[in-house]
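Take a look at this single chain in structure tokens; it is the form predicted on its own.
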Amino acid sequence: MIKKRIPFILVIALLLVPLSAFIHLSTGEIYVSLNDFFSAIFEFKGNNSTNVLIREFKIPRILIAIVAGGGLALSGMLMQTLFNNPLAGPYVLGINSGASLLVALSLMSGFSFFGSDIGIISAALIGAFLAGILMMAVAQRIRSQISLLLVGLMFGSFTSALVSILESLSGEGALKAYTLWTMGSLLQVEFDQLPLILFIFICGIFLSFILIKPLNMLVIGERSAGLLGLKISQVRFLIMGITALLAGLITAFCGPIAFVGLAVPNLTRILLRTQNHSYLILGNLLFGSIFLLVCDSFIQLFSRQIALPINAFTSIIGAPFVVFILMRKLR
């Protein structure tokens, strides 16, 4: 029964992704039909305002919601398996902190390039990967998972302090620009950027599937997995590299998006009731995509009344769920 139940749930989730995408497409101030959608893809005309709207705004927003939701959920699952902790998330390594610090520095530097969209994305991407490289270097020297977790948290606290100092010294315009970035947004991605984003996203998924066997072994604990012949330091390095790749990509193009990487992996484990990572990888990709598509659909639905930041909306939904996970573990 269990073997049949898991594929059934995954098939349902697979069907819910296009359904969620269609709901996302249909919400917003301007209604878009499926006819209009396919026309914009296969018969694009630059002088057709509906075609331009779909190609330049709707398609990038839908695809980045799928990438961000799936990527953050997958990153969160990898971190939770690595640390054997349901409260670990993709930003435990300080990836978000590194991106935030470099974005703060770039916006408050006064150079016009760094104030542009390309400049902010470049700064976030560089900051995320520098933080990832730093934490991977630390991981080579520290054997304890708890110590590595603490180093990540301390790095986050250190960068937050630096950002606070920069905020206190910055002007009104720079402070506003940085605050808007921290709210997160799915509207910053352009159609021409999608091939690069999808390529990096697919690379992250492919590398995750390569690690299925080591991830399954890590479930029993690092020490036991090491006794069975698993090369812990190499696996840890690869897991952290994939997390830095996916979370850094998403943070660079969307800003920080909270709780997706924390809540969705726990929800996936509850629904699938398995520790087999071949199922968990697929489940997190699907449920993460559905979660962010639905969240962004609600944001579009209420866009006329209030402009809700995606980071705030995912926190409102994700935070109570994390409290539920905590209460469940304490019983």
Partner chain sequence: MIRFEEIEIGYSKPLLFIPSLTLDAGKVYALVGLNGIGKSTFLNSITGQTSLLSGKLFLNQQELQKISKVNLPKLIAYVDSSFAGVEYLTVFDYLALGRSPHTNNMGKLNTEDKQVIQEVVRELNLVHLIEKDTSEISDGERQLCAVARAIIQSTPIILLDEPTAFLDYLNRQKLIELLVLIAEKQQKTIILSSHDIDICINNALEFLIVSEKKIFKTKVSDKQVVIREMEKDVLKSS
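Numbering follows the first chain given and starts at 1. If you're wondering where the values come from, they're calculated on a predicted model, not measured in any experiment.
Although not depicted, the form predicted together with the partner chain is the subject of the following passage.
The partner chain in the predicted bound form comes within 4.5 Å of a heavy atom belonging to residue 274.
Contact between residue 269 and the partner chain in the predicted bound form is found at the 4.5 Å heavy atom cutoff.
Although the partner is absent here, residue 216 lies within 4.5 Å of the partner chain in the predicted bound form, judged by heavy atoms. Under a 4.5 angstroms non-hydrogen atom cutoff, the partner chain in the predicted bound form has residue 231 among its neighbouring residues. Within 4.5 Å of the partner chain in the predicted bound form, a heavy atom is found for all three of 220, 224 and 227.
A heavy atom within 4.5 Å of the partner chain in the predicted bound form is found for exactly one of 199, 209, 158, 191: 209. Judged by heavy atoms within 4.5 Å of the partner chain in the predicted bound form, the contact stretch among the candidates 65-73, 32-40, 289-297, 274-282 is 274-282.
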